[in-house]
Each structure stands twice: as C-alpha cells, then as structure tokens.
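Taking the form predicted alone, here's one chain by itself in structure tokens.
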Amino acid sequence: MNEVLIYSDKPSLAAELVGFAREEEHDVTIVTFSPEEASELVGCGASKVVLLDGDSDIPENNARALAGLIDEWGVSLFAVGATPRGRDLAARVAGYLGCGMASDVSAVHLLDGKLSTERLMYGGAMVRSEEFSTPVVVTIPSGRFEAVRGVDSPLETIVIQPDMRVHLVEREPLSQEGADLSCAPRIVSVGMGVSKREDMALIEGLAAALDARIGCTRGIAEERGWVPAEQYVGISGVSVAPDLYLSVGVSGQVQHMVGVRDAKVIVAIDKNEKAPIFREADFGIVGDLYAVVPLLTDALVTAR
C-alpha cells in the first residue's frame, strides 16, 4: 500500500484529497500547521492527522522540515490543495526533496512506485499525461474528487524546527466581495448576452428560484464589473463542479468551459443556435433569454 500525505489550508479541499486516496485504497495522512484546522480535519476520513508544531506563523517556513518527514516516512505522494499557499508550499517541498512535481492535475494514479498524472494544457484543448518515479509532489484543484467523511482520525502532534529566515511583518485582511463557488451545488452563470446591468435582476430571480449561486464570464466581471471577480468562472478564474450549471447568455468559449468541465449537468440558454456552449451542454434552450428566463423562473417558483 502506498503512503499518501495530504496538505491543504482549506479543510474542505483536504477532504476531497482524502477522497482520492481512499478511492485508490492508499494509506493517507493529513498534515496541518494549525491547531484549529486540525480539529476540523480529524473528521475527514484519513488514517491519522498530524499537527506539525513549528512555532511559525508562516507555513512555508516549515517546508524543509516537512520534506525531511516525507523522506523519513517513505511517503510516495505528497498531494497538496491547489490554493496560493498550497502551491507555494508544494514547490518548496519538491525543491528540498529534489523530486518531480506536477501542478493542478486533473487525474492521479499511483501504482507500484510509479505515479501518472493528467493535466489540461492550452486552455483545455489538450490533456498532458506525465509519469514520475516516487516520491512525487502534486497540486490538485478543488472539484476533482468527492470528499469523504469517516470516524474521527487519531491526532498526533510532532514538534518541528522551522526555517525562520522569513518573518511575518504585518497582516492585512483580504477583502473578498464575491461568493465562494467551489462548493456550490447549483450555479446560474451570466454572460455577455445580458445587455444591461439592471437586467441582472432576472438572473438573481432565477438563481433564487433554484437556490443557486451566481457565476459569470470574464467580461461580466472584469469589463463590466457587474459581478465580483471571485465569481468569474474560467481558465484564469475559478473552476467549479456543481450538480447543475445553468448558463444564461454565455457563448461558451473554451476559456470559460475549462472552468465548468466537471459540472454534472450543464444547461445552456442562448439565442444563437450555433453558440459553442451547445456542444458542451447536456440540455440547451435556443431562445431570447429575456423571454425564457422569466418563464423558467415562474415555473420553478410554481413547482415549489
């Protein structure tokens, strides 16, 4: 059985990575640097949770010590949640180990000391396959695997020596206006087919009827500024994996569809019957969104 070590500063993403390890029947341990996160992670279904007490406010300062533990424990795969902090820590650990690393993979398979990965290239137009000898470090975005829950895992604390060459000078809260779409079961996404800002009320009404979050294309967030940037879905935005992704006035260019390829059901509303999104959608409605959306909203409200 291969040993898999997991880290993510987002406990929900750590639970997804445990789902991957359990799916392939690997022994899995979660590491964390936060006592608060440790108490949440014990219910994620791992074999155990290890709190690394390095007495440092900067997790990246513990990369060298973590690399030493990975070598000592004979870990085959260090799987890291693909958050900004996770990517930083993963690269440092791979550097200290002198091992292979693959970023933002969409599939991982570990067997007999070999690791194969797949990741999207060129805006999702190609899939790149790679093979590594273990140990290997990979980063994995949210939405790739199903989170698991189990009985509480044993919690162990190990004291480590951090690298204190980097010091925290100041903290400033990051202002986030938009909703977190990563765990949303239903998303209504708005595209450039919506012509006026006041027409966003149509989208909000439809989202409310579905109890859904609102997503958008890049143009809506960055050019028009109608929706916070955190809700922009696409290759340079967020990737989502909802049960239902309902797009309204979204043409479906590849840069956008990369972010929704893991949605279970895609429904598209657009007046252009040749819009690329209809090639990706499970269900399509060709029609004027200003006629279709109110009818759909009324039908959903009536059905409740």
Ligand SMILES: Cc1cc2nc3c(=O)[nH]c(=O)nc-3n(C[C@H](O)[C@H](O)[C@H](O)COP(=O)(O)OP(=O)(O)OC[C@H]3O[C@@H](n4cnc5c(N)ncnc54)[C@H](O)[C@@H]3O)c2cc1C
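The structure displayed is predicted, hence computed values, not measured ones. Residue numbers run from 1 along the displayed sequence. Superpose the two forms; the largest set of C-alphas matching within 1.5 Å is the rigid core.
This next part talks about the form predicted together with the named molecule, which is not shown.
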Wondering, does residue 62 line up within 4.5 Å of the named molecule in the predicted bound form on heavy atoms?
no
Consider residue 275 of the chain shown here, and say whether it contacts the named molecule in the predicted bound form, taking contact as heavy atoms within 4.5 Å.
yes
Look up in the predicted bound form whether residue 242 has a non-hydrogen atom within 4.5 angstroms of the named molecule, and give yes or no.
no
Residue 261 versus the named molecule, in the predicted bound form: is there a non-hydrogen atom within 4.5 Å?
no
Among 44 to 52, 266 to 274, 66 to 74, 26 to 34, which stretch sits within 4.5 Å of the named molecule in the predicted bound form, heavy atoms only?
266 to 274
To verify the annotation, which of these, 287, 19, 284, 294, has a non-hydrogen atom within 4.5 Å of the named molecule in the predicted bound form?
287
The single option of 234, 162, 141, 86 touching the named molecule in the predicted bound form, heavy atom within 4.5 Å:
234
Residues in 192 to 222 with any heavy atom within 4.5 Å of the named molecule in the predicted bound form:
192, 193, 217, 218
After a rigid core superposition, would you say the CA of residue 238 moves by 2 angstroms or more between this form and the one not shown, or not?
yes
